[in-house]
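Heads up, the chain below is alone and in the form predicted on its own; it's given as structure tokens.
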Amino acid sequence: MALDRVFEALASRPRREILAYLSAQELTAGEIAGRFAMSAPAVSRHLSILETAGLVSSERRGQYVYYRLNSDNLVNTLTGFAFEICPHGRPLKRESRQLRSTKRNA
């Protein structure tokens, strides 16, 4: 399931840090690896997990592979999960606003 892959990817601190770096700009695999005290193969495995989860995408340009955040996929996945565990969120918020309005008018 795609949701399981996303949460597996987010379970790792280095992967969350990679996502944070990519939220500001796209980076090459080498630029990402240079920010961590781990081997290049370890960083490559993290990037592969993020890509499999659909959270990042890559593009080869010449001899470099550039990575960028798929922020829409991350937001949509997390929002979908939130509505899955709380499908009554919107109606409850609407009811709360109505009750607040009723109290003000009373």
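Bear in mind that the values here come from a model prediction, so they are computed numbers and not experimental data. Throughout, we count residues from 1 along the sequence that is shown.
Missing here is the form predicted together with the DNA; even so, the following discussion is about that form.
Interface residue remark: residue 29 is counted as part of the site for the DNA in the predicted complex, having a heavy atom within 4.5 Å.
Under a 4.5 angstroms non-hydrogen atom cutoff, the DNA in the predicted complex has residue 64 among its neighbouring residues. Taking the partner from elsewhere, residue 42 is found to have a heavy atom lying within 4.5 Å of the DNA in the predicted complex. Though the partner is left out of this view, residue 75 does not reach within 4.5 Å of the DNA in the predicted complex, counting heavy atoms only. Taking the partner from elsewhere, every residue among 37, 46 and 60 has a non-hydrogen atom within 4.5 angstroms of the DNA in the predicted complex.
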